[in-house]
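Shown next as structure tokens: one chain only, the form predicted on its own.
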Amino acid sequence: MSMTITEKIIARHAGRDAVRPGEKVWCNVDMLMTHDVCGPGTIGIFEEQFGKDAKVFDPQRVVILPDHYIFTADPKAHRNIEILRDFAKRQNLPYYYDPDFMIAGDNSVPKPYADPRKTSYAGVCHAALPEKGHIRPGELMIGTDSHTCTAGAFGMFASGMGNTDAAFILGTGKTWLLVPPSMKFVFHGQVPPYLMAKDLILHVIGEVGFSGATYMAMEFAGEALMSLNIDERCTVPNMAIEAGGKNGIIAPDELAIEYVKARTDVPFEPVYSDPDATYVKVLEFDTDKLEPTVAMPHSPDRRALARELGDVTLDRSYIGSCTGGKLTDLLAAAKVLNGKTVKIDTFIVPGSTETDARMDEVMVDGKTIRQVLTGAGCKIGPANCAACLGGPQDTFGRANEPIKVVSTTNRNFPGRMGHKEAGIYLASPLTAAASALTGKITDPRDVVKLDKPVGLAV
């Protein structure tokens, strides 16, 4: 019986030879991930239902990565960290990445603000999970965050669930799934120098609509996509949820497998779609014909070309998040901004502490990425979710007034980055950096000439 990669992973974890879309099956969960926003609620439900002294199903399979509201003086944010810290200690959880610079009872901005790399803190969960060796092809992960689907870049079934479902997993190691039907998106040809993975996924979302893949597995393939490095690939399934997808997934090739093996010695077994697997729909794209793409306020499917929005005046450019704050994203921005000066407030927020450190190692024309970006007038913050989810008033880069911002983040709903009337234009790091130079939505081809894509695998 032929199956897609998603169906095969679910079948394996349900102890079945095969599953079909529409079936409801109980699955064993390889890993549960949570963070400081949903973790306290999940813990509360777990202890209410299983008992205050109950133990989690497997300490080795629970990963807690505080990341959303870290660099803030907000007392409720500090309380959440204390709840996570206490739970991790009582449960003896080895994979709790503690922001130990947040001290109980101290409502000042945590110190050292500029260098969380000196602690176990890792940065945004979706960016840090693969870096820390928690992502493995063929496995099944559930997270209390809609962008958990990022891990699908490694051939893993990864999906977000709410606190109640997560609490049940925490106690039993199991969840039930309605097997999703699959859609396939194939990118043919070569990636032009002026495109990034963000352009590809924004094009897809604009094509199918914000609900066009509701509760479907979005499988991405094609030689253009597979020519990209790991950073770039992660951007694509990350935003599957913006089309309503249950999960996004890319079959693991040698590059992905070697990345994983370099970070974990836990054995894993990749799976792949059968050649005759059934898909609800297969959409194919000539990648070299695509152009820099933007999602206009207030929905990720409001697709437009960057060159069509030249009259949109901006107040801010924001380059960061799990979607747009990876090393390749910051390198792309540096290539655009090198030797120039931004015209509008431009915020740079690395997605992980590993990326933060590498900003001081990777060079652009004899200067580090950090030197290029600060030299261009950018404001650089520590690795965290920052303004991507709004957050407390003192959140770095938060929009506290109805401004217009071009952003490399993944969502542009009203209030997403703070003010409900702020206009968020989603774009690639190349487009966001180009727009920072002009103060208007700008096609990167108008300000920089690149001889090859920034995110090529080699």
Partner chain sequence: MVDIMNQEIQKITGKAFVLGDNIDTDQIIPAEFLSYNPSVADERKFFGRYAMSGVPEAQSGLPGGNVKFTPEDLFTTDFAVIIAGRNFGCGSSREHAPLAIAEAGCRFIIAEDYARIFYRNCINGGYCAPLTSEQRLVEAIATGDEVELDIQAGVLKHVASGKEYKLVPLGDAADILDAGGIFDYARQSGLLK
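Positions refer to the first chain, counted from 1. Treat the numbers as computed from the prediction; the structure is a model and nothing was measured.
Keep in mind that the form predicted together with its partner chain is missing from the display, and what follows is about it.
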| property | result |
| --- | --- |
| Contact segment among 224 to 232, 270 to 278, 158 to 166, 87 to 95, judged by heavy atoms lying within 4.5 Å of its partner chain in the predicted complex | 158 to 166 |
| Interface residue in the predicted complex among Asp356, Glu139, Asp145, Asp199, criterion: non-hydrogen atom within 4.5 angstroms of its partner chain | Asp145 |
| Candidate from Val266, Val282, Ala73, Leu178 lying within 4.5 Å of its partner chain in the predicted complex - any heavy atom | Leu178 |
| Candidate site Gln49, Gly245 and Lys420: all three near its partner chain in the predicted complex by heavy atom within 4.5 Å | yes |
| Residue contact check: Asn80 to its partner chain in the predicted complex, 4.5 Å heavy atom | yes |
| Contact test in the predicted complex: Gln60 vs its partner chain, heavy atoms, 4.5 Å | no |
| Partner proximity in the predicted complex: Leu373 to its partner chain, non-hydrogen atom cutoff 4.5 Å | no |
| Close approach of Arg20 to its partner chain in the predicted complex, 4.5 Å, heavy atom | no |
| Interface residues of 194 to 226 toward its partner chain, as seen in the predicted complex [heavy atoms, 4.5 Å] | Phe210, Ser211, Thr214, Tyr215 |
